[in-house]
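One chain comes next, on its own, written out as structure tokens in the form predicted on its own.
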Amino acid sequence: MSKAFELGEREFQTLSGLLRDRFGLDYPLQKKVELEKACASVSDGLDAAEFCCEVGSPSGEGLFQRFINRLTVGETYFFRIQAHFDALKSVILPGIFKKRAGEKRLRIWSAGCATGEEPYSVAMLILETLPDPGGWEIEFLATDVNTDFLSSARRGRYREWSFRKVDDYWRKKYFEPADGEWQVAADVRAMVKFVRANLIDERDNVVAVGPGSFDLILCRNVFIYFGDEGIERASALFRRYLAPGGWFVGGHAEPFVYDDGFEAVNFPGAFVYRKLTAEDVAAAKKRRLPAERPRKAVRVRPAAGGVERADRLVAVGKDSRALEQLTELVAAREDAELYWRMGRVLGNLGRYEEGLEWCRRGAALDKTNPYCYYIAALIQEEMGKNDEAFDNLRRSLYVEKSFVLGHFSMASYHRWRRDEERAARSYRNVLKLLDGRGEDEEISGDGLTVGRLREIVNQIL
């Protein structure tokens, strides 16, 4: 790298401060090389001091935008994180359609949409699940701060890598081959409006739509690049623009700053947030709920208590803290129960290979533990390794035929591949296995209860 782009302490502080204050992005000292590379790619002969001066001035907006375009990350693909799309398809979207059936109006916001795979995936799902979509007014806003990404999204052409999780059904129905790429169908492209927007500046965002407008907001794998202040400011924007009863879907292990006006809702493999309606709040005030779930008066071994604390942290999306807890525990003893939990939190944090290694270590210790294979399957599915994921999912059911989450995931697998008969059979297996179990019994170590899973399956069937 040229000497001119080796940012000094003053230049680094200036540049990282601009990114934090204007866009909420967090660039600590260990990311200095990333900043230098992005600067060097767009500097047009400016040295480090001149570059920082220019991007901080009103005349430097164009340069700052080119810099942001090089700096921001756009790694994504269609139907990324199947657990989210299972929840959308099975519960969230049908509930919104029912709520809006009278006015036939739907508003969705995909924030941090990158090159468009996420909003187009949701648009295809709407066309699949909404009766008579042509009779509805659908306003679908997709925003990003990277103008290069937005241009690519509007063009709507994608290479094979964007389809690494997609069944051929979707490509055959909603895409056309185009010069070695795949072009999104015109009716899908027409559903989505792509706009540049800054998530921490309401003046540069969705003011024209109006507060309380959106039925669904997605902002996944964006907050991982934000500092605490940026997360708070963006969360406040989402809270303000989400309609009562509306849903917010964030990324795995990403903190969404919510308040008493929201509830966290568990789904298998994911949890999302719903904004309470006035009726929800009134009903809650009438109920006499204990501040904490009663516990049995038994003495818990320290190690077990540590596992419980880690599970509770995962249940509220605090995977980084759960990882700290589990790291202490695995240093003290070998235990497959700890190892698959390590795999889960590392997978949630995007450290996929590390997560898989812990699952392998767990399976080596206890070949009969279905979670070691199940968590590995979830990680491999997120990596786009669908065949390997399916093999591990089958292993989880081979070692324990009564493994509820394995049957649920197998149902989702068949459903996404359009095999409704096998999917229904697997869902019925889930209900049989849940029969007779207490509604409040947790079954996944992340807050999902028997009652919640039964409700989800019944809504699907």
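Values in this document were obtained by computation on a predicted structure and should not be read as measured data. The first residue of the sequence shown is number 1, and the count goes up from there.
The protein also exists as the form predicted in complex with a small molecule; that form is not presented, and the subsequent description refers to it.
Quick one: in the model of the complex, does every one of 82, 121 and 158 get a heavy atom within 4.5 Å of the small molecule? The answer is no; none of 82, 121 and 158 reaches the small molecule.
Is residue 176 close enough to the small molecule in the model of the complex to count, meaning some heavy atom within 4.5 Å? Taking the distances in the model of the complex, the answer for residue 176 is no, it never comes within 4.5 Å of the small molecule.
Residue 183 versus the small molecule, in the model of the complex: is there a non-hydrogen atom within 4.5 Å? No.
Contact between residue 87 and the small molecule in the model of the complex at 4.5 Å, heavy atoms? Heavy-atom contact with the small molecule at 4.5 Å: absent for residue 87.
When the contact criterion is heavy atoms within 4.5 Å, does residue 126 count as touching the small molecule in the model of the complex? Outside the cut-off, so no.
Give me the residue from 222, 356, 338, 192 that has a heavy atom within 4.5 Å of the small molecule in the model of the complex. Answer to the contact question: 222.
Quick check on this chain: which one of 380, 348, 235, 146 has a heavy atom within 4.5 Å of the small molecule in the model of the complex? Of 380, 348, 235, 146, the residue with a heavy atom within 4.5 Å of the small molecule in the model of the complex is 146.
Interface segment, criterion being heavy atoms within 4.5 Å of the small molecule in the model of the complex, picked from 133-141, 195-203, 162-170, 268-276: This holds for exactly one stretch, 195-203.
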